[in-house]
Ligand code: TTP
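For reference, the chain that follows is the form predicted alone, supplied as structure tokens.
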């Protein structure tokens, strides 16, 4: 695994909050702390048709996972605490977490409600970066009553992998000197975007670790997975110039989820789309935006991914309109094959008060 010298000068910090929605609920309701907590649809004693949004680590011990049918979660742990999502509550907690990160006046990039990067290269040493990470974790714990896990590495991808290694409440540092030894033995499943089906295909090719993948014949990988194999192999080799930068304006609002097992169940797919639409529309509301373009993303076997978009006649922030459009796009794109991942993206924005401002002129 070779890496460019310029990457040795970069120090990237990735924060990933621990079981964020469930942790916020446990903070608000101390009596449920330590119990298996499931955030999602009403299980209706095992007959509910929605899905799990997220769950606590205690619930995960029973095999419950995000995007699992809520009925299955109830069967696995009927005594769990099942709660409906409280998105305004989570958005407020997220803003408080991000404010702590921003207070250090370093290049910042929020990538989801509970994840963000900091470029801490100006600290010039991994020791100083580690000290900062400890302070950030302590501030989040003492000020907000929450915990997060942090990864520090020369690139964004490796920092993200590192933040997941010692969850919950972890801190993992990957310096340029130990990058190879850190990545090499890891199973390929640790790479963001590699799911169960892709993992199985890689296993068939004799690829079980990141080292195996980094050293594999790139032409064979391209033949099997397409051109994306090039960037994948490059990134896991420690070469990644993707910079940390905060967006000046929101260009898109998106949400996606990966199923524990590939599914063709149309009721599960429809319920998942509904949940994703609720989430992105709340984000739209938080940003005071209307959108015109709705895009659906479907990932099938391996890395096979399809997207389809529709541009509406008028800007909207109406959840019902976005939901109807999303289901229509899904009907167009769904080919009956097992679905691994679903995603919804909204784009082409105007500020919610833009038309009012025009009318006043």
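Just so we're clear, the structure is a prediction, and the values are computed from it rather than from any experiment. Positions refer to the first chain, counted from 1.
A second form of this protein, the form predicted together with this ligand, is not displayed here; the remarks below concern that form.
If you check 41, 26, 298, 67 against this ligand in the predicted complex, which one has a heavy atom within 4.5 Å? The residue from 41, 26, 298, 67 that makes the contact is 67.
Residue among 274, 114, 256, 240 with a heavy atom within 4.5 Å of this ligand in the predicted complex: Spelling it out, the residue with a heavy atom inside the cut-off is 114.
Could you tell me if all three of 54, 60 and 167 have a heavy atom no more than 4.5 Å from this ligand in the predicted complex? Yes, the whole trio is in contact, each within 4.5 Å by some heavy atom.
Distance check, residue 346 to this ligand in the predicted complex, heavy atom within 4.5 Å: No - in the predicted complex, heavy atoms of residue 346 and this ligand never come within 4.5 Å of each other.
Partner proximity in the predicted complex: residue 12 to this ligand, non-hydrogen atom cutoff 4.5 Å: Because no heavy atom of residue 12 falls inside 4.5 Å of this ligand in the predicted complex, the answer is no.
Would residue 342 count as touching this ligand in the predicted complex under a 4.5 Å heavy atom rule? Judged by the heavy-atom cut-off of 4.5 Å, residue 342 is well away from this ligand in the predicted complex.
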